[in-house]
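Given next are two forms of a protein chain, the same chain in both, each as structure tokens and marked structure 1 or structure 2.
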Structure 1
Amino acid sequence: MADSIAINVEGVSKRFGKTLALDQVSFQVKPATVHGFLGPNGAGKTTTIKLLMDFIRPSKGKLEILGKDTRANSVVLKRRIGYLSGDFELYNNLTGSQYIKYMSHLSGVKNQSRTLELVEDLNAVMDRKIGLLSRGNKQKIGLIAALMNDPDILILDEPTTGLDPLMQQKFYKAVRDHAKRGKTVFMSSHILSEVQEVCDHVTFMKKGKVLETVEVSNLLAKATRRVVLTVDKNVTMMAPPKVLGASNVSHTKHTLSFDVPQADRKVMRWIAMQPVKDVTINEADLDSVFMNLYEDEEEV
């Protein structure tokens, strides 16, 4: 199990009183990969992560990390896990350096080379009291604490909250490098571009249930392209023919927009015959896939 599956969640349900937060959740995370965990607020992502960390216990089902039951081996596993909570709290009266030194002592991290490398890469402010730092700088310190012991399993709940775009890119590189060294990353996120950039697989959650677990590359292959045609004000555009497989067709005064499975020769030939003055075709991304899965949700 440990060799082929890094994280195994099997038939897990969790009740809080009369509320069923998770309903028969099952998925697996392969080793040496970055696995995304997506869903709208209230989908059960954070509850699942807390169960994996053994902060709460399942009502039923099995959770394993590196082939070991998360409940029976809680202490042992935590030595091999780096974790960053979505709502983590730091000691505001300590400086960043003091906090990392304290966490290193608790974790038994003696070699500080990885810590120093992370501090430099993330440009973290370490000499000021944490309570005086911005949300982004606090996030950097939390990330350093999660990564400094080079964990076999890295579990992250909304890890780039508060980071500016440059720091996000540095974080993505750190995550990819972590997986390349044979480590496993499991991260929840609401940011679709983030998942698209760093994740190998993604599990979609909705209302406490798993919708599907798929490879990101396969999702992108299936994602639609958005075509936007702009015409002169005196030109009327006809809707695209069914043979193109167009969907979500919409008209404005000067544009015709629609989705197609792929911008192939058939689509391009039809566009070439139209009286257009401008054409935009957006590359496939996870937005369309995500919105199709959650189109009846009010908030994503």
Structure 2
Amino acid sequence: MADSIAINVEGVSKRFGKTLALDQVSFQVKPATVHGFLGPNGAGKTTTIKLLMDFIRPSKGKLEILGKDTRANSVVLKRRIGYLSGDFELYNNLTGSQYIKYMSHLSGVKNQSRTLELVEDLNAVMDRKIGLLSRGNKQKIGLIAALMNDPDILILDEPTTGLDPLMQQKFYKAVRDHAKRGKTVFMSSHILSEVQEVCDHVTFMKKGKVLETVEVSNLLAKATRRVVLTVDKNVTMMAPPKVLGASNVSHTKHTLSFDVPQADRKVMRWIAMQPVKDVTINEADLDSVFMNLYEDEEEV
């Protein structure tokens, strides 16, 4: 029953001297899901993750992983947690395999088959000193260290920083595979496409506060579509009428573009009556949701 919530954060505040980095943060992560943690720079993502990892202690509030207090059960929990941060540092004087050997001993991982599998999958460079590796290759070593105990909870702080697109895709696949096997992934990011691609849920943060936690699929349903109409020259276009709910209307010489909540029959019928040469309707994109969310807040 305790496991029906993987991560529970309740009324957590964290103060660094005068800065209130987190203000009454609450959210929950369901097991066997990939949960995104999104927000602009300084929103408090890293602070929240450090609190979950018991690197720092809350000024107020409760943090639980798998039903256990993160502080009181720090060591026990870490047997079931994997952690990786995008800007982590490793022991530069060790080779990849020395480092992984060290981490296995500390984790109490006896069976090396999973580690070997990961090395193979990620094509990691194991026999060179870590200090000589590129950022991305270091990241692979870090990811192996995070995944080698087959953690029930994987906590990632902007994990794809410094990875090339190909590696990013491999990384997303590793994350999704992990979740498919019934494990929970909690990852911070400020890359929307990343969240869109891998996450089931997402919690939006801003200035130390949670804005909302939503399902990504719902979010996409709510997202606007961008309609672009191309016309022959010398044809003047009327702006779309208010009833369509269009926003962000813009003209160029040959095009008219606007956003609509949904490309429904009303919209199509209106388009059909225009002297159009071509129409494109872009699929829903989290970017616009994100922008809307943060812009709205700005006005408050």
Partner chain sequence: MFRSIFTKTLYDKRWFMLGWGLGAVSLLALTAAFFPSLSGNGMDALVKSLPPELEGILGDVEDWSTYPGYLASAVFGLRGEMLFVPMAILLGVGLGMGDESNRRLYQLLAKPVSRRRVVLERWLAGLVVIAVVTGIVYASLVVVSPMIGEDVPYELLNGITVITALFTAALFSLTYGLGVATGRKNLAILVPVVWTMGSLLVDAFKLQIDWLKDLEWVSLLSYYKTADLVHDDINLNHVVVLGCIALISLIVALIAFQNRDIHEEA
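Residue numbering: structure 1 sequence, from 1. These figures come from a predicted structure and were not determined experimentally. In this text, the rigid core denotes the largest set of C-alpha atoms whose superposition between the two forms falls within 1.5 Å.
Two forms of the same chain are shown on their own. Structure 1 is the form predicted alone. After superposing the rigid core, the C-alpha of residue 268 moves by 2 Å or more between structure 1 and structure 2. Residue 15: CA moves less than 2 Å between structure 1 and structure 2 after rigid-core fitting.
In the core-superposed comparison between structure 1 and structure 2, the CA atom of residue 277 travels 3.4 Å.
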